[in-house]
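What follows is one chain in structure tokens, specifically the form predicted on its own.
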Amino acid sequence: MKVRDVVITGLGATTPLGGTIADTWQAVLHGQSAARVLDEPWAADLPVRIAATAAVNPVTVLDPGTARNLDRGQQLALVAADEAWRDAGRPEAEPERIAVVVSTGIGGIGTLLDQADILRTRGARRVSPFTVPRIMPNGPAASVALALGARAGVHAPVSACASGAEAIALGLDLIRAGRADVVVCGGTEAAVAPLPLAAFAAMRALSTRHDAPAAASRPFDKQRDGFVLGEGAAVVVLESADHAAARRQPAHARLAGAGLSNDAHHVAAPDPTGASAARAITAALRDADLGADDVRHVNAHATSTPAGDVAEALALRTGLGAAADSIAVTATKSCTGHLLGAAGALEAAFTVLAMRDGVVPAIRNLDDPDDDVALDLVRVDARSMSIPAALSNSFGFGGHNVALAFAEAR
């Protein structure tokens, strides 16, 4: 069977930097940081109080009746999906040919914590009947599918911080397999809450730079000390190239391939050699029929953790070989913070925009690059350049590795 070309026709996001993908992208290009010290009363006694909260409250965007029965992560997903759907020109397709793949790393943790508190303080009869639909990991995907009337299939692959990227990889497979013509896919997360912050802090995964939160997320820098927890959602609309051409809808780029692997090394720590992550990179290139020399840009996963950033640098050098010396690498979590299950989808969207606009955003806070990271890191200012092909990497607890390969639309 002929492999069908898959293109990206729609992009949407609501993030700590902006309520739309356009606002978010401009903020990244200008090197803005969304990190702040939380001043909410519930955060007062937490060991880490730095986070990047959504710039626009989704309840101010959605219909109040719709928002009332949804978890915050589901609300964010709906906002991003609506923008992506509009950007794609509201594709006309039979509902049985539209699929949804929207993932989350943690799920409706806000609802779970709120309802547990209600159960403890007010009793079982006051627990909301919407609790289960709000906390289930497939809740965001189901909410988007209901809004769009999608009937080809609704999926929610959960792979921690690689979830949003794996959603896009699954969307690619659905179109290639002929199961759908249009797939709305991405990730969402709303985990800025006491328990997740305390738990990540207990793992020593978070930056403790309370005196300078805007400088806390510093991928590849010698002084990095952990990531900044963020929230938001990002969604892309994938279509078969034939379907997009038939309705004369221009494509932002082509999703050329995807590669997935697993470390089988540790439940939270990356394989320090980067070997399995490198396999995902080479698999993505092979799937895309691209050589390492074709790639001009990489949006790195780069969370700003001491071990993870070096492991990814090794993976890129192994997976790309000598070509790695001339590939412009950015790490946009330096601006957005780490959106967990939404991170991979947001960074995929950034990669597409970098190709479309011919510009790679600079890594914020990269003052003194780690000597063990031998890559062409984009520093200080955004870099204008032609990008015929690019990669976006996403890695997650559990050893999940996902690499997405993008190329110019044919």
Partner chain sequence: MSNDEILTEFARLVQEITGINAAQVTADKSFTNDLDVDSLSMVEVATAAEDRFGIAIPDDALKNLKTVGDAVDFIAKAGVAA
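Positions refer to the first chain, counted from 1. Just so we're clear, the structure is a prediction, and the values are computed from it rather than from any experiment.
If you look for the form predicted together with its partner chain, you will not find it shown, but the lines that follow are about it.
Contact check for Ser128: a non-hydrogen atom falls within 4.5 Å of its partner chain in the predicted bound form. Among heavy atoms of Arg122, some come within 4.5 Å of its partner chain in the predicted bound form.
In the predicted bound form, at least one heavy atom of Arg68 sits within 4.5 Å of its partner chain. Only one listed stretch (141-149, 254-262, 128-136, 168-176) carries heavy atoms within 4.5 Å of its partner chain in the predicted bound form, and that stretch is 128-136.
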